[in-house]
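The chain below stands alone, shown as structure tokens; this is the form predicted on its own.
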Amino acid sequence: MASRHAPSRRALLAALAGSTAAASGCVGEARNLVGRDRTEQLSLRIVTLPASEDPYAVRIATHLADNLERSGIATLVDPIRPDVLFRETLINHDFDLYVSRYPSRGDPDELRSMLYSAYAEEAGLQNPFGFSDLALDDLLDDQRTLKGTERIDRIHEIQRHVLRAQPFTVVCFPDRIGATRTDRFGGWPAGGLDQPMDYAKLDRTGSRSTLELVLRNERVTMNRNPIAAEHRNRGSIVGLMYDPLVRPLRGSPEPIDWLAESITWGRTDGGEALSASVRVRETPWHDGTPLTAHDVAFSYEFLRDTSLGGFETPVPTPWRRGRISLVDAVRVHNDRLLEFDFATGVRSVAQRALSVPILPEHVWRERADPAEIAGIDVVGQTTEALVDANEAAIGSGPFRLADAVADESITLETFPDHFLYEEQTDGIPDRFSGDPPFDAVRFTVAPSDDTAVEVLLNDNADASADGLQARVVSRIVRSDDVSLTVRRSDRFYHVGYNCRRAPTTDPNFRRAVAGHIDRRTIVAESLGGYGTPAQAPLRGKWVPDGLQFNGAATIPFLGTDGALDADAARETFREAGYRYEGEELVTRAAP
């Protein structure tokens, strides 16, 4: 007889089904848990220029990568060609971190271009980090409306905010090192030729009528597009061929009127913002076409949207975007007179907008069409204007293109019809007016800094056209015929973070990475002492006392004398919410 406690067949089947389901559920949960916990070592890619282009940048990137490796992060330094680097970082936004020099002129309004949220998805030097912070946006807008000590205080506040958030990490200001001869030309500026106005200040001391310069950056021999972010950042050579309305002067708070014969400042109807009535000098383009106020108005419209309304969304210039944003409206009254309305009531800020290159409408209007670049991946729409090499380079500047051989040389000659040589120089200081000290300037490409110095020592050039590296200084100072000239640059080396993708979306992670940089060691060893450690992007009165680098950064180096304390570094990442498996900092693996 069956036991009364024996389960029925139905109960057995139900129990079996339940246990199977339970077991199945446990297995499923276990699988889900395993999938949820599957990890891999965090890896980062740091893009920068190759040593042949910028050995300082590679050394900074390597310094950072080595220290991150000691902290358990798999880090790759990827040196890539300048045009590829600029395209990947400034246009496609395809990077984790990059190391580069920012082409600063020391103007605090540049911070708005660097960090304004509305620019986060645009292509170009404006906000390449994809950083977004509405509170910072308000501060960046405010500094455009304030004057005197109020503006200085606001700039101080902005930099403190930036230092906390770390969308980029300032490393140092490198010195600009130049080498010159004085037997044929004199009046060389400290650090060598760095701005178009530097050329006008030279004196002829010999009989040679051609200024011979040795050039390390060969890009201008192939591409002379003044608005192409892949090929230029400051464009001092191209600036000899294109005139702005005003030209800034190093060390001077006021630019000088240039293509603008006169500027009469006023206020808009509301009384808050500035307006300016600008009279344009009578001068032709290099092809003989008269330059008019219509060309000026076109240039501002074009730089705001290089598609001229042809696309659903504007395609602004990837360079000088911040300056163009200062202009609310442009009205042409006649061929020589036009009027600007500005988005600021501060003249020193508004003047930045008048320093962009003026373009000939009859050349550039046809470049508003969509561009297709065979074999090159460019995310988003672009226009012919941004990719055209502009080989003919028809501008209105005091020098015009005479000849160019790709990768070898470029020669500019004086443009005799320029207003400087036609004695239309009202408002221009005497030292910049009159006939130039040379009839032509030839830039010859040298494959290395050593070759550049050799060319100078052999009396085949008068000076270096761009900055030299510290390692050639000893050769220069040993020569009786070549002089060393040094100046601290406004440009700064920095580490840029892609705030669009994890983990560099996290400010705590960025701050931890910043702690892996020993600025003093970098300047001493990587720059040979020719630079100044810094943690703020500006200089002088614009930097609050607490951000002046005094040997220790606000986010201190996680080590001593260049040697990383790996335990302290790992603890910093743990405190930021990251975890380790053994020696490796890990992240959730991709499915």
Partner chain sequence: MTLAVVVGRLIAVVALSVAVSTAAIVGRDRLAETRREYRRRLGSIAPYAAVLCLVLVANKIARDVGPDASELIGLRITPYLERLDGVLLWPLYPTDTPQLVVWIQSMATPELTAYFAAVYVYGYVFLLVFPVVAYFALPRPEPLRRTIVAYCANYLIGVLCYVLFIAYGPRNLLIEQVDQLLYSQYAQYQFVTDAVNDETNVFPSLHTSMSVTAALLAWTTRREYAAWVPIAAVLAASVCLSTMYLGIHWGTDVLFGIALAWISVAIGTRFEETPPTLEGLKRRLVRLGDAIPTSRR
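Positions refer to the first chain, counted from 1. The model shown is predicted, which means the values in this text are computed figures rather than measured ones.
The discussion below concerns the form predicted in complex with the partner chain, not included here.
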Which listed residue (474, 460, 205, 334) meets the criterion of a heavy atom within 4.5 Å of the partner chain in the predicted bound form? 460
Taking the partner chain in the predicted bound form as the reference, which of 106, 186, 79, 189 has a non-hydrogen atom within 4.5 Å? 79
Option from 168-176, 120-128, 441-449, 268-276 whose residues, in the predicted bound form, bring a heavy atom within 4.5 Å of the partner chain: 441-449
Does every residue of 339, 347 and 544 put a non-hydrogen atom within 4.5 angstroms of the partner chain in the predicted bound form? no
Test of understanding: in the predicted bound form, would residue 59 fall inside 4.5 Å of the partner chain by heavy atoms? yes
Do residue 455 and the partner chain share at least one heavy atom pair within 4.5 Å in the predicted bound form? yes
Using a 4.5 Å heavy atom cut-off, state whether residue 69 contacts the partner chain in the predicted bound form. yes
Contact flag, residue 526 vs the partner chain in the predicted bound form, heavy atom cut 4.5 Å: yes
